[in-house]
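The chain below stands alone and is given in structure tokens; this is the form predicted on its own.
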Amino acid sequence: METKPIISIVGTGYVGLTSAAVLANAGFKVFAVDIDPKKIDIIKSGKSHFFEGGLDEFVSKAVETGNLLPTISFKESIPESNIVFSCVGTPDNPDGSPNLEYIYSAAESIAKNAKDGIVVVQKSTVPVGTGRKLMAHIAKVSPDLKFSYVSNPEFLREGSALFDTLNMDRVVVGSDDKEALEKVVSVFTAVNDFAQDIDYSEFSDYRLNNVSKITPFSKTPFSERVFKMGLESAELVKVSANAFLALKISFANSIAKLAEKADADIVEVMNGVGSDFRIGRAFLYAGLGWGGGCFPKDVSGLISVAEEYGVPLPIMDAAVEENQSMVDHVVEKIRKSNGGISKMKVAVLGLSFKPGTSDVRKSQAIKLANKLHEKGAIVKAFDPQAMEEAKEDLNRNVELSGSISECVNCSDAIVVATDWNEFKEHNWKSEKKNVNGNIFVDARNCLKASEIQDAGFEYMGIGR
């Protein structure tokens, strides 16, 4: 029986920790490496340091079996490893270009501690052309090191990252080294085999969000879901995919504004458009707009790197502009309905950038709450998971509430800014007696208009 490679995962964020927990449960010995001792201590206790449905159970089991070894030491982990996945962050710079400081730092630490034959796998999202530069950097740090480099971008959706790691719709690997490619593919083949026996009935409901149709395991054989390609092609796949999804959302929002003027319903329109198999329904959802740790930086990063190559991307510039307009669009809806915003009591439900996660990076919901306050509204906010994370970006005068009912009590207007199930399933009819006004803005088009109207509110969606 072939011995499984020992793996290190550098970076324990949404991608890194989820990948490490799954690989450890699949039988691999995995070092989870991070420079933040607080994160490592939490992982050692058998928990995730962020919310992702079901992940705690996977982390706990992996730690208990001894397969998952959280550490802050590169000297302890890298020399023992055959394959190292770099999953560190790539935040955007003020000018929109990607900040690769952590990428190079991780590469240097790997180079100083690796043994010959190491396969360095870049899972973080990087601009096309980065791989060649990193290979040169590793060679400069450790001139005698024999290593291979593979690009393996991730396609996980926060809120269903665990499900997506187990149910891979595609595995993209790019390298000049075919043997290294096969080593990486074999790791994911083992994960796919392990995942066949898992009961998905308890997994996050959000795994079905913004998709046309998804089932645990595609009918397509796993080998046909593996895409082997050149290094630069693999690097360009991830940002291009995210840019296109962001473009679909911005397109839906632009049509939603037209639908409002023409007395059409954007949901009905996109149902008709998305039924075309050449287009698909996924991500044709009008609403408050896209945010998070991927779309904003991947789109700005793609625009930035394209400029370096002398290739303008006006279509992506337009997508960004459209997305930035959506917060003001919702604020204007509220202003028109009330005749003004100053001193108006507004309840904002949702702070995370999407449901199923506590991530608030570039959250449109937080931008909305802050903008309403700037316009003079008295704002209260509530989120089922992201209250603590939101504090840093939220205006300090926005009051955080402990429940839906506390948040909407005596409010003049309610805005659903993140489509958590808790808001969809809330009994709005019984809640109405505690609300002063009747303005109800469904900024994610996630509720049934008839139910909100029956509860005594004036329902307003986006493009509806």
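A residue's number is simply how far along the shown sequence it sits, counting from 1. What you see is a predicted model; the values in this text were computed from it and never measured.
Unshown form predicted in complex with a small molecule; subsequent notes refer to it.
**Q** Which of these stretches, 242-250, 258-266, 87-95, 301-309, has heavy atoms within 4.5 Å of the small molecule in the model of the complex?
**A** Of the stretches listed, the one contacting the partner is 242-250.
**Q** Applying a 4.5 Å heavy atom distance criterion, does Leu231 contact the small molecule in the model of the complex?
**A** It does not: once the small molecule is placed as it appears in the model of the complex, Leu231 has no heavy atom within 4.5 Å of it.
**Q** Answer yes if any heavy atom of Leu351 is within 4.5 Å of a heavy atom of the small molecule in the model of the complex; otherwise answer no.
**A** No - in the model of the complex, heavy atoms of Leu351 and the small molecule never come within 4.5 Å of each other.
**Q** Is Glu158 close enough to touch the small molecule in the model of the complex, meaning at least one heavy atom pair within 4.5 Å?
**A** Glu158: yes, in contact with the small molecule in the model of the complex.
**Q** In the model of the complex, is there a heavy atom of the small molecule that lies within 4.5 Å of any heavy atom of Phe222, even though the partner is absent here?
**A** So Phe222 does not count as contacting the small molecule.
**Q** Just to confirm, with a 4.5 Å cut-off on non-hydrogen atoms, which of Phe74, Phe203, Phe147, Phe283 contacts the small molecule in the model of the complex?
**A** Only one listed residue qualifies here, and that residue is Phe283.
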